[in-house]
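Next up: just one chain, as structure tokens, the form predicted on its own.
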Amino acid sequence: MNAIETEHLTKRYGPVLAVDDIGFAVPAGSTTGLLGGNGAGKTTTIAMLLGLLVPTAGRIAVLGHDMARDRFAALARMNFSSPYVALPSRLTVRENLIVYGHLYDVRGVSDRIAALARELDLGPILDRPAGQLSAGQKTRVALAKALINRPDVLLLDEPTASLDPDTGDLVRTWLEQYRAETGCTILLASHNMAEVERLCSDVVMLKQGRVVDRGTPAALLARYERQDLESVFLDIARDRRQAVPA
């Protein structure tokens, strides 16, 4: 069963084709990487999956719900994290999480916040205004916001950006455990290729709004005869090497 399915997904801004007739599926309970350079269409694709942007053409289904007709049924079971989306700066971390907890109708929201604070080391900053946080702290708070409703589908855009190596490793370990324990489906957009190799069972490569390759990390390494995904990424981005025929 697939938790996410897209068919002929297209987004056009006037003459600019940001997403060009793409299609991919994300199996339930898996972590799939959505990779590509700046301007490849990753963020636009995620925004369409969330219902924040209306596709110019194509179809999206999440958790069996058609996002054009029944998106609110899916959105209640989804969430999203990006360190580049700012939370209200005057509200404290706790107040922000309470607001999102109520938006998602989370029962026992105070207990849920306390649990996330322990797991993501937010205790010392819970009562600090969000606008006074460091970049790394904002990243951890954004992840806590995304997990407040225990989502079945989690969309992550650079989830460990601005984190030091130790905290980044803790977050990756926590995401692995969360997926294993809950069966959550994760779609991960990242420029950290080591992170993708560690977390993802499948990878979708985007370039100029189109899917240009797809496979497991191991399959991509074999196809491009490379030792790491960063080299594969650079080969695709710079058109310097084609996949080796099977």
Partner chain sequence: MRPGLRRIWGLMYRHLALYRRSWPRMLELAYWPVLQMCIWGFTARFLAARMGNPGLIAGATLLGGVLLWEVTLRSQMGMSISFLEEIWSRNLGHVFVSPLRPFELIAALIGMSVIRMLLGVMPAILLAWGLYAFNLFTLGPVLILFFINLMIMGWAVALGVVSLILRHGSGAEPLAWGVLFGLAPFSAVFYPVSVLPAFVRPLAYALPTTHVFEGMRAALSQGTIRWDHLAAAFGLNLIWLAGAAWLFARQFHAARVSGALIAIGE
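Because the structure is predicted, anything quoted here is derived from the model rather than measured. Residue numbers count along the first chain shown, from 1.
Same protein, other form: the form predicted together with its partner chain, not shown, and the subject of what follows.
With respect to its partner chain in the predicted complex, the three residues 52, 92 and 104 uniformly fall within 4.5 angstroms at the level of their nearest heavy atom.
Partner contact region in the predicted complex: 53-61, out of 202-210, 184-192, 53-61, 216-224, criterion any non-hydrogen atom within 4.5 Å of its partner chain. In the predicted complex, at least one heavy atom of residue 47 sits within 4.5 Å of its partner chain.
At a distance threshold of 4.5 angstroms between non-hydrogen atoms, residue 174 is out of contact with its partner chain in the predicted complex.
The closest heavy atom approach of residue 71 to its partner chain in the predicted complex falls within 4.5 Å. In the predicted complex, its partner chain stays beyond 4.5 Å of every heavy atom belonging to residue 117. With the partner removed from view, the residue among 125, 170, 87, 163 that has a non-hydrogen atom within 4.5 Å of its partner chain in the predicted complex turns out to be 87. Although its partner chain is not shown here, in the predicted complex the stretch 139-157 places heavy atoms of just one residue, 145, within 4.5 Å of it.
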